[in-house]
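Only one chain is shown below, in C-alpha cells, and it's the form predicted on its own.
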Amino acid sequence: MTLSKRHLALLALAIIALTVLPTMLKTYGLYLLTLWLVYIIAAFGLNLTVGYAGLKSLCHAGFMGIGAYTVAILMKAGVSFWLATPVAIVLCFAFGLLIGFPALRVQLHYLGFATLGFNLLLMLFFRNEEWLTGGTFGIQNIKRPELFGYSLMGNLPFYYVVLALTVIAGAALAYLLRSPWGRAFAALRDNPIRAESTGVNITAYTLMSFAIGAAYAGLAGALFAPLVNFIEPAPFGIGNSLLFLLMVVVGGSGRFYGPVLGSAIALLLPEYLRFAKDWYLAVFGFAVVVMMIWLPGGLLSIKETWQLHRAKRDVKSARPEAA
C-alpha cells in the first residue's frame, strides 16, 4: 500500500511548516513545540500497544522515565548522548518484554492494573534509590549533545534534531504497520482467538507490541532529559501515563496521526485555557468528556461519525416511504 500524492503533499507541507515555524517563536513557544514532538514519539509507541494491538497499558510514563534516567546517568558518567540513547531504547525494549508477560495471562482492566503497578514500582525506584537517580532532588545540569562537532545547546538546533528523530520514528512505525507485523497486530486486537487460528503467534506479537511501544517511550525519554536539563520522578508518574493514554484516545486510537493531534490537544490546549486560572483544568476535563460522548473514536473519526449519522438519518427518513 502506497501513500497518495495528496497525502505526500500534505505531509511535506506539514514538515516544511514545522521547519519554518520555530524561527518565529520565542523561547517558551519553542520549548512547547519541542516537547510536543517528544510526546508524539511517546504516544506513537502507546498507540501501537493500545490502538493497534488492543492491549491496555498504564505504564508508558514509567518507560519514558527509564529512558530519561538511563541517558542522564550515562551522560553524567561521560558517555556520549548518541551512545546512551540506543542503550536507553534497548533497556526499555527489554522492560517492555518483561511487562508484556502479564498480558499473556490477564486482559482488559486486569492488565491495566498490572501495568499501573509496574509504573508505581518504577516511581518508587526513581524516588528511593538516591545513589543512582538522585531521589527527589533528581539529576541536574544534563547537557545537550553535539553532532559532528556542532553544539546543540541552543534551543533551535536541538529542536531540529528532535524533529528529525520524530520524522524517522514516524516513518519506521508507518513501515511496521504496513508490513505483515501491522496486520498481525490488528488481528490480535480484533479477535485473538481467530488470529491464532490463522497462524498468528499470539505470544510473540503480544510481547513485541509492549516492547516496541516501550522502545518508543525510551527514545522520548532520552530526548526529554536534555530538553529540560533536569529530571526528577514527578514527570514519570501515573498521572502522565494517563495523559499519554488521553493523547491516544482523544486523537484517535488505532489511527496513525491520532497521537499527533492528541498530544497537541493534551499539551497545548491547557496552555491556552490558563486565562481561566483555577478553572482551566475543569474546562479541559469537561471538553474531553463531551468529546468522548460524541466522538468515542477520537477527533480523527469526525468524518466516519458524520457519515454514520447521515446514514442512520437516511434510513429513518426512508422507513415511512417503505411502509
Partner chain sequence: MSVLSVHDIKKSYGAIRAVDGVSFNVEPGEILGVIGPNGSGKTTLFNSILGQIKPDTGRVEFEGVDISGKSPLALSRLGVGRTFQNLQVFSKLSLRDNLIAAAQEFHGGLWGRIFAPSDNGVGARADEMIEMFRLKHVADLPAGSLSYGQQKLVDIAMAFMPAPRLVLLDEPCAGVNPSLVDGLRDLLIELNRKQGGSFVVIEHNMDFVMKLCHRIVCMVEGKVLAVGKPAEIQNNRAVLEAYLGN
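Keep in mind the model is a prediction, meaning the values are calculated, not measured. Basically, rigid core = biggest C-alpha set you can superpose within 1.5 Å across the two forms. Positions refer to the first chain, counted from 1.
Same protein, other form: the form predicted together with its partner chain, not shown, and the subject of what follows.
- Residue contact with its partner chain in the predicted complex: residue 227 places no heavy atom within 4.5 Å of it.
- Taking the partner from the other structure, its partner chain in the predicted complex has a heavy atom within 4.5 Å of a heavy atom of residue 176.
- Proximity of residue 198 to its partner chain in the predicted complex falls within the 4.5 Å heavy atom cutoff.
- Taking non-hydrogen atoms only, residue 84 never approaches its partner chain to within 4.5 angstroms in the predicted complex.
- Only one of 183-191, 160-168, 141-149, 228-236 lies within 4.5 Å of its partner chain in the predicted complex by heavy atoms, and it is 183-191.
- Taking a 4.5 Å heavy atom cutoff to its partner chain in the predicted complex, the contact residue among 132, 204, 153, 77 is 204.
- Taking its partner chain as it sits in the predicted complex, the stretch 206-235 comes within 4.5 angstroms of it through a non-hydrogen atom at just one residue, 208.
- In this overlay on the rigid core, residue 35 has a C-alpha that sits less than 2 Å away from its partner position between the shown form and the other one.
- Core-superposed comparison between the shown form and the other one: the C-alpha position of residue 292 differs by no less than 2 Å.
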